[in-house]
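Here we start with a single chain on its own, the form predicted alone, put down as structure tokens.
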Amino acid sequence: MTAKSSGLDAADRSPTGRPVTEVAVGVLVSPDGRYLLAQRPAGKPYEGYWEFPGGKLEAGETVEAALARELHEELGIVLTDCHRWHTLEHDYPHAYVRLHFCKVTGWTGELHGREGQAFSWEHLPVQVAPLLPAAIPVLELLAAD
């Protein structure tokens, strides 16, 4: 995985020539400094792996709008405060993704897994496993902050 700052261009191609899937990802930070990780539900690639919640951008959507929509769909919360933090790319067997990570420090509503997924608030180092490969460098960046 490589860090990269880039704009959102749906026509982008990865270094391997594969299409780039743009993804908004939330690093939810609790007041006591824990981070939220969610377990990928059954039927999705890497089911059972732990990741930061989020999802694909829809046409014409900003990172922040996509993240707000995904967090509401997946966890039932309304985003009130976030800022872009890091952009990383990862080449998975099923997709080449550009992950736009946002630190989320404000939301309303009570978290619940609307897709049947488990979630866990974790201090570093996290105790849940296995971790989605693209989550590992993010945890390293958080530890360095």
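Values in this document were obtained by computation on a predicted structure and should not be read as measured data. Each residue number is its position in the shown sequence, starting from 1.
Just so you know, the form predicted in complex with a small molecule exists too; it's not on screen, but the next bit is about it.
Student: Tell me, which of 52, 85, 119, 107 has a heavy atom within 4.5 angstroms of the small molecule in the predicted bound form?
Tutor: Exactly one residue meets the criterion: 52.
Student: Please tell me which of 29, 79, 63, 97 lies within 4.5 Å of the small molecule in the predicted bound form, judged by heavy atoms.
Tutor: Checked against the cut-off, the match is 97.
Student: Spell out, yes or no, whether the shortest heavy atom distance between residue 103 and the small molecule in the predicted bound form is within 4.5 Å.
Tutor: No, residue 103 is distant from the partner.
Student: Would residue 112 sit within 4.5 Å of the small molecule in the predicted bound form, counting heavy atoms only?
Tutor: Residue 112 lies outside the contact set for the small molecule.
Student: Is residue 135 near the small molecule? Define near as a heavy atom within 4.5 Å, in the predicted bound form.
Tutor: Residue 135: yes, in contact with the small molecule in the predicted bound form.
Student: May I ask you to state whether residue 23 is within 4.5 Å of the small molecule in the predicted bound form, using heavy atom distances?
Tutor: Close contact exists here: in the predicted bound form, residue 23 approaches the small molecule to within 4.5 Å, heavy atoms only.
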